[in-house]
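Same protein, same chain, two forms; see structure 1 and structure 2 below, as structure tokens.
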Structure 1
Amino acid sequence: MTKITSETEFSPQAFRRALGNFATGVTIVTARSPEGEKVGVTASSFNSLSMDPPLVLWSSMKDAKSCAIFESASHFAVNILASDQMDMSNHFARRQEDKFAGIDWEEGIGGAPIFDNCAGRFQCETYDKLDGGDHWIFVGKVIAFDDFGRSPLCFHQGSYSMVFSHPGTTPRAGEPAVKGLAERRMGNHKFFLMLQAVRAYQDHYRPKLETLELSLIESRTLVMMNELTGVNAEGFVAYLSAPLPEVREALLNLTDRGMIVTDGDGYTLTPLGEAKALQCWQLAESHAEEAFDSFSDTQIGNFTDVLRGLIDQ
């Protein structure tokens, strides 16, 4: 347990890693300025606040370029992403001249863009702005909402994830017990099998990674930087499949610990970072050997071919 007292030094890195244990949903918050400029950002800070009146909130770093538009906008919209909208999350997490180019959207209340196929949408009238340290907390009064009932996209410990019913849950009163049918379908569905396999693989890998005092996204960042030089935060979003705020936190943590340094607009490994990246790669290799030890070379080769084929589709 890490206790914070006046006598102990507060560690932002450890604090961020601890916060990563809280699984969140993923949203795209949008708005339009009085001058007509549209803005959209990927955010996991969305939360409900009040039922009467119906209020929700989210937060933005004060130095974010988009923050000024949210401050001046009369309305904003929160688009809760569905589990198959990971590409949308990554797209709006990257810095681009026009994030809405090539994206299907429609104009919501107050001009805030809204998207189809989400899990849900909330259209809000700007209600208040609160000072939250290095963030502004934007409070909105919900004046319209849509509930599409789709499975949401989630984020936990540096990786996207999905929602599944806990095996300990029981059917509600009057609800038919269809557990056996669901198990038969999901137990033989290739997509759900892949998700379960990745989760099981990472559950055994994370405890080993803790010996290096790194989170999953931090280790992936170091390994990726060993192959790439001078990539900026936005560039890492596509390689790491993680929202921009999480990528920035990982880069900040690694910079604070002396493992990477800024290189123009990008980042480069320090000698300490190179050594740690090598440790990460060796750990990943040894874990893979252990996990695949019971499979034949032919099985592993076929499995690798299938994965590459799916990636190239």
Structure 2
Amino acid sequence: MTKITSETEFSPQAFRRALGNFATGVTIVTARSPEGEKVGVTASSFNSLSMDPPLVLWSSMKDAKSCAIFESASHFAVNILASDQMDMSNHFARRQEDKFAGIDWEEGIGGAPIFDNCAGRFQCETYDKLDGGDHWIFVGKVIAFDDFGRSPLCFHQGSYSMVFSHPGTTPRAGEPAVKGLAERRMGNHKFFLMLQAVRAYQDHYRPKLETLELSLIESRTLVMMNELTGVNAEGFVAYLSAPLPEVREALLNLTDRGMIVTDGDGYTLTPLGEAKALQCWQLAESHAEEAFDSFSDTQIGNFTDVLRGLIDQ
């Protein structure tokens, strides 16, 4: 347990990491100033607030370039991103001159830009602004919304992820099965079985990953760097399914721990990093071996073919 008291040294990184356990969706919140300047910001702080009146909220860093425009705008729009909109999320999370150049958008209520292909959209009148420490909390009264029902983009522990329906709990060793799972109709459904298999595989793998003392992004970075040399932080964004600030933090941590070095252009593994990358890879391999140990080569070959076939459909 980390207690925050006035005497203890408080680590913002550890606080952020602990907060990262709370999985969220990802939105782009947009607005237009009375003078016509458009802003758009990637935000995971969006949440529902009230049904009557219909209110939503999100919070903006007070020192964000766009914040003053959200403060002066009469309206804002919340675009909930779909799982294939990771590039949009990365784009609007970056400070740049004109974020809307080369992006398809339409003008929404009050001039706030709205995007196609989202999971959902809420167009709001600015209703209230509350002080939230280094953030302003903006409350919006929803005056129009769209529900496209597309699978959403999620954010968890610094990486992007996707939602799959929960396959339910499998009885732990020694626990009686509620009802013979395999005999039930759901229990034999291929999709349901795939979800159960992925969950069981991950459940056994996660505790092993912890022994490496690396975050998920850090271990992925090392494994990636075994294959690629001289890639910079921006280059890693596409490979790691994580936003630039999280990639930069991972690269900084790995540099501090002597596992990677940079010449200013790109990163390479040090001998220590190579050894750790090998350890990550061996852990993944040995876990796969253990998981598939009780199956024959023919069964594993067929299984791999079936998976490839499903992916190519």
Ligand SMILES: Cc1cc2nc3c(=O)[nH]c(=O)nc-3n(C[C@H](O)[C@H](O)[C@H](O)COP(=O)(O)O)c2cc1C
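Structure 1 provides the reference sequence; residues are numbered from 1 along it. Heads up, when I say rigid core I mean the largest set of C-alphas that superpose within 1.5 Å between the two forms. Source: prediction; values computed, not measured.
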Pair member which, unlike the other, is the form predicted together with the ligand: 2
Exceeds or equals 2 Å, Cα of Asp131 between structures 1 and 2, core fit: no
Rigid core superposition, Ser83 Cα moves 2 angstroms or more between structures 1 and 2: no
Gln202 C-alpha shift between structures 1 and 2 of 2 Å or more, rigid core reference: yes
Rigid-core-fitted C-alpha displacement of Leu228 between structures 1 and 2 (angstrom): 13.0
